[in-house]
Every structure is written in C-alpha cells, then in structure tokens.
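Shown next as structure tokens: one chain only, the form predicted on its own.
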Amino acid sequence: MSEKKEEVVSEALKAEEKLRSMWYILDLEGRLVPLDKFEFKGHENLRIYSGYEIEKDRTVTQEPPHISLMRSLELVDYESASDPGNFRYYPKGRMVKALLEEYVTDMVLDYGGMEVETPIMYDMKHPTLAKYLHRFPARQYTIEHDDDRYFLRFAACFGQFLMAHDATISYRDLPLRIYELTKYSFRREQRGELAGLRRLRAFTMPDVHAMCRDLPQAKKEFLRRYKLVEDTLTGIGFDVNKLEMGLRMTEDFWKENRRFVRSFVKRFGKPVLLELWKERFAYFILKYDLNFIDALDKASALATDQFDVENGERYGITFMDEDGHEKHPIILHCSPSGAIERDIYALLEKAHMEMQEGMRPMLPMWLAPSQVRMIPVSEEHIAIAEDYAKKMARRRIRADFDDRSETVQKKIRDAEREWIPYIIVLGEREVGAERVPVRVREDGKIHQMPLKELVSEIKKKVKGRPYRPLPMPMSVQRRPKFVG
C-alpha cells in the first residue's frame, strides 16, 4: 500500500484559521461602528454577509438552486470521473463561459493590461515559490514526478512575478500591468465546501497585477482598477449596488490612511464590513472584495484587489527609480470578475431569486445560447422559419428554428424552459408579412414588429459584448440531448 501524502496547507491558511479579527461596519460618514451597535435596517444583505464572514463556515448543507438550473439549461454538469469540483461544459455552457472569458479579457486589455501566459505547475523546492506558497491562504494540489514534487498554481501570481523578476523595468514603465486568464487555477477546497459552481477545485481566474512605484501611485491605480471592476461586473449583468463589500486591512494601514479608505467606501455608496488585524498575517495590507449573496444566504466574492507589500522583495522584482537606485514595487492583485465559473453561478442564482419574486428568469441577452426561436405552425412553414433564422444569423444574432413534429404549444413551452428571449410563431399569416408576432420573454407580451426592428433591439442590448454563433445546430430536431 502506498504511503498517503500529507496535504500541503500554507502557513497563511493556518494563521488565518487562528486569526483574531476586530469587526466593524464602516458607514458612509466614515464612522467605525461595532457590529452589535450597527442598525442593519435597510441593509439585510450586509447583515447576512457579516454573519457569514465572521462564522467562516463555508460548508453547504443543501443543494443551491443554480445546480438544477445549470443542468436543466444544459450548460454545465458534474463529472464523476474527475476529482470533485471539476465540471464538464456542454456546448451551450462552453459558449457562455467562452464569451465571459473574452469579455473580461477585453475589459482588462482596454484598461492597459499586457496579456501573458505562464505554466500551471511549479517546483515546490524553488526557494521563492516555497516561501510565497506559505503566504497565500489556500490548499494546494501536488504532483509527484520521479523525485520531484510540484504544485498546481492557485493564481497567476507565480508566473507573472517570475516574469517581472527577469524584466528590466524603469519607473517610467510604472504602473506595469500584467494579465493572464488562468486556465486553470487549482485550490483543494474541502469537500463540504464544494457546491456546484460556487466553490471549485479547478477554475478560470482573470488575474491582473500592477507593479506600482510607491503607495501614492498604488492608491491612484487602485481607484482606477475599481472602475474596471465596476464596469466589468455591470457589463456581465450584475448590479454592483446589490453587492456587498468586505474590506480587510491592518490596524496600522487604517490609522495612516483613514481618508483614503473613507473616500473609497463613499465611492462604493453603501456601508461595508471592515475587518481589522493587529498584525499582518498574509502578504497584503489592504484587500477588498465585492460579494454576491445567493439564495441560501451564502456570500461569494466576484471581484477583489489587494495591496501587496511583500512579493516585490521576495521575488526580487526591481525597477530603476528616478534617483538611479533600484527599488521594489508595491504590487496590486486584482480579479475584476472573480472566477468565470462563479460568474455563471451568480447569474443563475440571480435568475432563481428573480423567479421567486415573480419575474421570468433570464440570462443576459449577450449570453443567451439562443436569442431567437422560430416556431413554424406546420411542416409547410419550416422553410420560412429556417430562412428567417439564417437571415438573423447573418446579422450575428443567434437564431434557430424548431422543426420537430410537436405541437406549437409544446414548442413554445420548451423554448420558455430554455429561457429564450424572443419566440416567433410563423404561420400562413406571417408569410410575406411586414411584421411578425414576437413573444418577448422580458415582459411576457406579444409585440408585432418587423424583423429588422427586432435585430436592432437585440443589437442595442448586446452592444460592446463579444459574439459567438449558435453553439448547437440551427435545427432543433438535429440537436442531441445532453441532460435527462
């Protein structure tokens, strides 16, 4: 029997588990209010989030609603042949994930990030990496090869920092922004914490670092990156005003930078949960995350940024300053969307909660696998349905047609179960007609409009977002069923 290898648990994670924090609500007036003194009226999600963070219990005791939705929509599913926390993506889900990946990358490139690619595994004996491994609060996957032991990356930090170490950098180059969309990052989350797409062991993480000259430059860059975060999350389909912010920092940073922290919270526009530490237990002195509260009252970070004051020196990253001396940069760590898989989880949970409020669940228009479904009344109308779908496809609209031998009502019900935004029933009256009846999912009504008007409406809703064609055959009859 082979000897069981001991799990690698970082010293930072051990320290975090023993950490004694001081918890407050920082309000818009800049006051630190102890949790038991804060009036949470009108801030119910902040109350939920605060309790979740303080308890630090990430276990899930019931199935989150998004799991049944990701399967019924044929997006994502468990893969029993893999390690828990790894998933299979069906064609529709792969399209959604790919569009999100492309969109977030486009946003980071517009911000000024320089895209790179780095390895997914690293030598555990490498002196710099071994030290950083123990400064990051995460459990690792390890791989044995001959007499060597490697760990799978849990972020893009390793490769980007090693790259920056080898670069020749001037103060004129700063802030230096390096970006990678990691496919994949790995964290050995505990089994009780794994629940659908919310917490994974393998995930796709957009990771953009900025090497900054000093704290004043880092603060300025930090605020610019917060705009990137706001724009990215809004573009995906989230209302930032409905997210909750967690701020974590050392007591010294708070004392020395109160004005900056208070102005940042005022910009966010709502009270935030503030965690203060007497001593720094990790590599950062300030960190924030924006959190989504799901249907089970669990909080999940969708974006983060951090002030890193250790790794410039640890990795030997230097820049030549104006005075001719080499110095170490402050490094900002940002994920403007969080893990791509978690964005899908949050969109599905959001749709479920809207359904509970009597609204029709939907994905954002630019992510809908089929945006328009043509439904012919009879076999004689399949040709016109196909023709209309192809015309819309030429305008970069994802349109299909249901040519199955089912009743019109059954086809409509199936299209509604797929959350298709627009349904058009085509019969004899629609042949050659200027206007067609468009069933709009958003309001549940039938609107008479020309196809050109519908195309313009969809184009307006997806403006600025990437496009992919239909992930399945245009003919519904020719599609395999992946679930059920």
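Computed from a predicted model, the values in this text were never measured in an experiment. Numbers for residues come from their place in the sequence shown, where the first is 1.
We do not show the form predicted together with the RNA, though everything after this point is about it.
Glu386, heavy atom within 4.5 angstroms of the RNA in the predicted complex | Outside the cut-off, so no.
Ala282 within 4.5 Å of the RNA in the predicted complex, heavy atoms = Although the RNA is absent here, Ala282 would stay clear of it in the predicted complex, with no heavy atoms inside 4.5 Å.
Contact of Glu193 with the RNA in the predicted complex (heavy atom, 4.5 Å) | Yes, Glu193 is a contact residue.
Does the 4.5 Å heavy atom contact test between Val116 and the RNA in the predicted complex come out positive?
-> The answer is no: Val116 has no heavy atom within 4.5 Å of the RNA.
Listed residue (Gly312, Pro369, Pro271, Gly338) with a non-hydrogen atom within 4.5 angstroms of the RNA in the predicted complex | The option sitting close enough to the partner is Gly338.
Go through Ile169, Val377, Leu247, Ile120 and name the one with a heavy atom inside 4.5 Å of the RNA in the predicted complex.
-> If I apply the 4.5 Å criterion carefully, the residue I get is Val377.
Stretch in contact in the predicted complex with the RNA, which is absent here, among 225-233, 101-109, 79-87, 173-181 (heavy atoms within 4.5 Å) | Single hit among the candidates: 79-87.
Can you tell me which residues in 400-422 come within 4.5 angstroms of the RNA in the predicted complex, by heavy atoms?
-> Ser405, Glu406, Thr407, Val408, Gln409, Lys410, Ile412, Arg413, Glu416, Arg417, in sequence order.
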